[in-house]
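Quick heads-up: it's one chain on its own, the form predicted on its own, in structure tokens.
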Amino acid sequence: MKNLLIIASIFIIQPIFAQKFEGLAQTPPMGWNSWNQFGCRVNEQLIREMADAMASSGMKDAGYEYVVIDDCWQIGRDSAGNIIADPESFPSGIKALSDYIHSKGLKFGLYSDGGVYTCAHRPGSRGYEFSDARTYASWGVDFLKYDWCYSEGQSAEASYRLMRDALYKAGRPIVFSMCEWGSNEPWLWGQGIAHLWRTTGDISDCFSCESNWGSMGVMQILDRQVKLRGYSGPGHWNDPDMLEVGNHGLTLTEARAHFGLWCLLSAPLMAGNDLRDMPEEIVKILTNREVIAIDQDTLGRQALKWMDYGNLEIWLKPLANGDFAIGILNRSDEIITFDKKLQLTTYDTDFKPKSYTYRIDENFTIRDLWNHKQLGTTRENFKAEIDSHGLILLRLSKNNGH
């Protein structure tokens, strides 16, 4: 009887230890993903060149580390059910490519799907979760983006939990990124399962559209983040999808605003452009360390939409050292003149069960993070002209009487 009790206890206790890897993604992950620019047109030479460019362009030094192959790398399964990479596109194999990326001091990411097929109708992981997780671990994968196509009849929470358990059992620490588009409110249940979860459908990757700013673009996704602030933090991030900076459909002003807003949101920063021949203006946006520091701040608080004047919005993000980041966004098609004091006392009740009080008085200095300039203090009105679809991004620091 004693032995039977021990065995029963083992079966009861074991599931408790199934969990995501802790200690990963303590700040939002930064890297590059192939989908927005290349779709299914991926191959090992392209990915090697992207890793080279990340290392040489200044992006690696600015904090980007993950090189992620999205859909279409896989072609089928062998007789034992093991996933197979397309031998024409990846003749050296995924392990060799992973080793190359690691040799650059970078990390390697891969894509799969919780359904029977991926979104591009390649083999999904349903029914092969533990086999695929073992394969990914053996290949040296550091980041897994897990999509949700062809998943009819499945429970999202159960399916993602199953892959989480498979990754944990495989034994290699892998950042787990859930991409189920916010359909099942993953912010309510995802914290113990994944390190980040998509909150919306795909950001616009329409190369024939006039703009990626409005419909299914930056503004629509931004609006859907407002009520999700309390669910995001170190090791568990809201993900408003990858960056379109440097791609068709955004002006330079819009690209700068898009990047700054994602940093205010504490969003993962996954570039989606061609890194091999970027204009200098795009490099400056993607590698602006003062702006990136807002995203990577260790407090991990997502910004609060503090004031909404219709076409003019002010976003507030508290930072770990007592500073604040302020974003002043012009959503209109006209230039807006701003002339107000940046002083406030506001009560933040979104981070339950604890709420916070933020106070900015006249003793803060103001720094322009795009132009790297000091702009006086909060004693005086802050005056600026904000371009159409532009974002002024400021850091307010305690003056300490000086």
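So that there is no doubt, residue numbering starts at 1 and follows the sequence shown. Everything numeric here is computed off the predicted structure, so don't read it as measured data.
Omitted from view is the form predicted in complex with ligand GLA, to which the following refers.
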Check: Just one of D223, E281, E185, D202 has a heavy atom within 4.5 angstroms of ligand GLA in the predicted bound form, so which one?
Finding: D202
Next item on the list: Find the only residue in F176, F324, F108, Y111 having a heavy atom within 4.5 Å of ligand GLA in the predicted bound form.
Entry: Y111
Check: Can any non-hydrogen atom of F364 be found within 4.5 angstroms of ligand GLA in the predicted bound form?
Finding: no
Check: Does ligand GLA get within 4.5 angstroms of any non-hydrogen atom of D147 in the predicted bound form?
Finding: yes
Note to self: Taking any heavy atom pair closer than or equal to 4.5 Å as contact, tell me whether W35 reaches ligand GLA in the predicted bound form.
What the structure shows: yes
Next item on the list: Answer yes if any heavy atom of M242 is within 4.5 Å of a heavy atom of ligand GLA in the predicted bound form; otherwise answer no.
Entry: yes
Note to self: Please pick out the stretch from 151 to 159, 267 to 275, 194 to 202, 168 to 176 that is in contact with ligand GLA in the predicted bound form, where contact means heavy atoms within 4.5 Å.
What the structure shows: 194 to 202
Next item on the list: Sequence order please: the residues of 120 to 141 with a heavy atom within 4.5 Å of ligand GLA in the predicted bound form.
Entry: A120
